[in-house]
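The chain below stands alone, shown as structure tokens; this is the form predicted alone.
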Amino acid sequence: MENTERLQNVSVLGAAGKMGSGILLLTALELADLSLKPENKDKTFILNAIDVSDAGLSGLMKYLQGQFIKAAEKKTVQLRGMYENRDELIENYDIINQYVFDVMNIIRPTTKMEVAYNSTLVFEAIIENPDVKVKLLSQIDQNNHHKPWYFTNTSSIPITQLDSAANLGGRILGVHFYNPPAVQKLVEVIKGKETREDLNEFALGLIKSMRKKAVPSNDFAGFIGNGHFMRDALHGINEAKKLAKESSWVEGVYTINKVTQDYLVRPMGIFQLIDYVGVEVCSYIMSVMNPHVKDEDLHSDVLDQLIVQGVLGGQYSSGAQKDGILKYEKGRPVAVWDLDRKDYIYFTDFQDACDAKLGKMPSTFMPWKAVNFNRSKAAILETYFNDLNGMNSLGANIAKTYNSRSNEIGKKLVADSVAHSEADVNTVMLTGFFHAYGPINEYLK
């Protein structure tokens, strides 16, 4: 089957979700551009948007229409070439409206799983639960005579496990888009033991066409991104627990969150990142990974306690941050959840004392946003970390320990053959997590 034929009937499972909607958006744009090529004028392209919620699908279609308008406005010149034989399309708005119509016409929103029985390619972006994934993939495969190829957006479940349990015969590949897919450039690509090479090559070509960056990961639970993040998060939690013995839990959380954001020049502190992903989600990913590791325990009693107390984090459908370990006002953390009092304690009650203990930061410090998009980023980081390295303050020492552990995690991913190279580890954290520098570095000693 040719690649274009493979893309003529595609289904996205979980299409109304945050990940599914982004994947659907990217796929719809790809199919629309294919449909407008002269050689494909007699071919029909169908994209099934499958979800359990009619309301969710309704919201999805409104979201997609707005995104397609923006996409068309950015490539009006290109679209003029695509529609050069359409004399009635004169003004830019004529072309934009026609393109939006053509893209929307490809999409078929439905709550009926059965439509996937005719698909030749299936994107799966449902709940991160192996049993649910296997059940749906098996159902489709048993009723689909096309022997479709499957892309699973799992961020932690081994592909070989899904392949074997669903009896897919190597027709499945891990294609882990990062959140949100429409914006994030990174896609981790994970082959199972039996994954077909032509499927892998097809995926790499499609990812490149979508203008994303593919990084290969070996088929080990958590892969590169969560393999690093989950261990990094556990280290942060344990460091906060150590500090709590001398002060309090809220002060420990504040301190580690500040060090990981400011001292280590990251886009957000580790506790804010846990909230962003979701406390329950992080705990679940660790539980998926834990049976597959032999020399460490990927589990946090703190996350267990938070979940019991109803502190879950995550995001609203708008993308706004929900309260979690930290409380947020106008998108900024302002308080920490106290595990004993079961209430938030505002920074204003303890922030000055914590900052005094941390000590002054180097005068060369610049926040992540000012560093990450600066053409002189490498020189700025080199100067700043040299200065920090020469300091013996509490903040500097915590940063050195944290960076050392992050470095250790990254190198172990390579040693354990999860990542192919140190460069791949750094690329995932730079591209997928927006770090200003890779975890495997020589900055702090």
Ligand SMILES: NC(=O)c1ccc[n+]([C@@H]2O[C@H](COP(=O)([O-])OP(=O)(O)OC[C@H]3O[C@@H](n4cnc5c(N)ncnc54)[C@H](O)[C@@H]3O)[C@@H](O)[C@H]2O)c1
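This is a predicted model, so every value here is computed, not measured. All residue numbers are counted from 1 along the displayed sequence.
There is also a form predicted in complex with the named molecule; it is not shown, and the following applies to it.
Heavy atoms of residue 286 never reach within 4.5 Å of the named molecule in the model of the complex, leaving it off the interface.
Interface residue remark: residue 210 is not counted as part of the site for the named molecule in the model of the complex, having no heavy atom within 4.5 Å.
Not displayed here, the named molecule is approached by residue 52 to within 4.5 Å at the level of heavy atoms in the model of the complex.
Interface membership of residue 19, defined by any non-hydrogen atom within 4.5 Å of the named molecule in the model of the complex, is confirmed. Only one segment in the set 238-246, 170-178, 342-350, 90-98 has any non-hydrogen atom within 4.5 angstroms of the named molecule in the model of the complex, and it is 170-178. Taking 258, 231, 266, 133 one by one, only a single residue has any non-hydrogen atom within 4.5 Å of the named molecule in the model of the complex, and it is 133. Of the residues 300, 119, 372, 155, just one reaches the named molecule in the model of the complex with a heavy atom at 4.5 Å or closer; this is 155. Contact check at 4.5 Å (heavy atoms) against the named molecule in the model of the complex: none of 28, 33 and 77 pass. Shown here without the named molecule, the chain has 125, 126, 127, 128, 132, 133, 136 in 115-140 lying with a heavy atom within 4.5 Å of that partner in the model of the complex.
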